[in-house]
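Given next, in structure tokens, is a single chain: the form predicted on its own.
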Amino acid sequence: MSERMTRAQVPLEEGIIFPGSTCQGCGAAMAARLTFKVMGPNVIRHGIPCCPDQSSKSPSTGSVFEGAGPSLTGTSRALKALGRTDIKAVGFFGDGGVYDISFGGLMAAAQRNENALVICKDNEAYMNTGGQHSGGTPKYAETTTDQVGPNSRGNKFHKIRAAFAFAALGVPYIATASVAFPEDLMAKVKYAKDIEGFRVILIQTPCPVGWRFDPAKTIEVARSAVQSGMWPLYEIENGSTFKLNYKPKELKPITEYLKPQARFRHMTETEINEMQTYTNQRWEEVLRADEAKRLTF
């Protein structure tokens, strides 16, 4: 498992090019900066359609949504054939790709245990095309395709728990991370970088435009997601070994996370209580897994 990085261990060299073309307060841009500082220059970055984040200094290539898994597979196998173990094949994708359109190809690559690192910048909707519902959208969130009205209460479904889907295939490493906990995020990228086989890091990256909150509050929103149990920070190795990386003595109420975001402003007390119960149940599962040091569900 990874160990939290100290400030002295953080690389000084930037792996991205400034300025970028992102919106104010973009969580994905923060994730890109932290990720590629740690990855270093020996990277071939793969992209699929998603919000722009900062451009990497390292070579990059793009593909259609469905090409995420196949393109990573091709690059990793080419590097192996060339004997270039020093260069890493990295996918930096959005949640619409990882949880939805690219999911089949990525699961196939995971089943084959291709030597590739997939990093998901999860802003919980298709933000690059207007904020439509994705598999990463939480229940009751309002999106441009989950509108609120007499016959709709926003998204009807709970967010896909993608980490456990990949864990079912026994891949070497899976982690969740948050831009509000940069030392934890960078430590996980550093640890995953040199592991052989298929690795996945899911980073929650709040979107001020789609989530509709003050762009100055990105880190506060991200931190409250972790502190309320809505986005736990953990690692899974080889499909079963489990470690919870942040365990507050007491969870904050989910209202501290929901209220700053206008996408949840329509929620009734009954709906909030339902989400609180769901969050508490999922948190108890995580605590039991952490105590057992292995997945128990």
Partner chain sequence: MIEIRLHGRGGQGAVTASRIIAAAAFEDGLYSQAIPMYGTERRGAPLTAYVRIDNVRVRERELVHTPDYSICFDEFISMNQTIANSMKPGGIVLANSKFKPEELPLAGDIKIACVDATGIAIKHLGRPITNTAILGAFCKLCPEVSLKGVEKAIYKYFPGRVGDMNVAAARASYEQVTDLITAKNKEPPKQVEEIVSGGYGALKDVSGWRVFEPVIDEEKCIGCKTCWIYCPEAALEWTANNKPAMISRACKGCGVCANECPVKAIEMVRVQVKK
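Residue numbers count along the first chain shown, from 1. Just so it is clear, the model here is predicted, and its values are computed rather than measured.
There is also a form predicted together with its partner chain; it is not shown, and the following applies to it.
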Per-stretch contact check against its partner chain in the predicted bound form, the hit in 203 to 211, 139 to 147, 93 to 101, 111 to 119 (non-hydrogen atom, 4.5 angstroms): 203 to 211
From the list 51, 230, 39, 68, which entry has a heavy atom within 4.5 Å of its partner chain in the predicted bound form? 51
Work out which of 174, 180, 189, 89 lies within 4.5 Å of its partner chain in the predicted bound form, going by heavy atoms. 180
Contact with its partner chain in the predicted bound form for residue 81, defined as at least one heavy atom pair within 4.5 Å: yes or no? no
With the partner left out here, check for me: in the predicted bound form, does some heavy atom of residue 167 sit within 4.5 Å of its partner chain? no
Look up in the predicted bound form whether residue 23 has a non-hydrogen atom within 4.5 angstroms of its partner chain, and give yes or no. yes
Test of understanding: in the predicted bound form, would residue 85 fall inside 4.5 Å of its partner chain by heavy atoms? no
Does every residue of 7, 34 and 217 put a non-hydrogen atom within 4.5 angstroms of its partner chain in the predicted bound form? yes
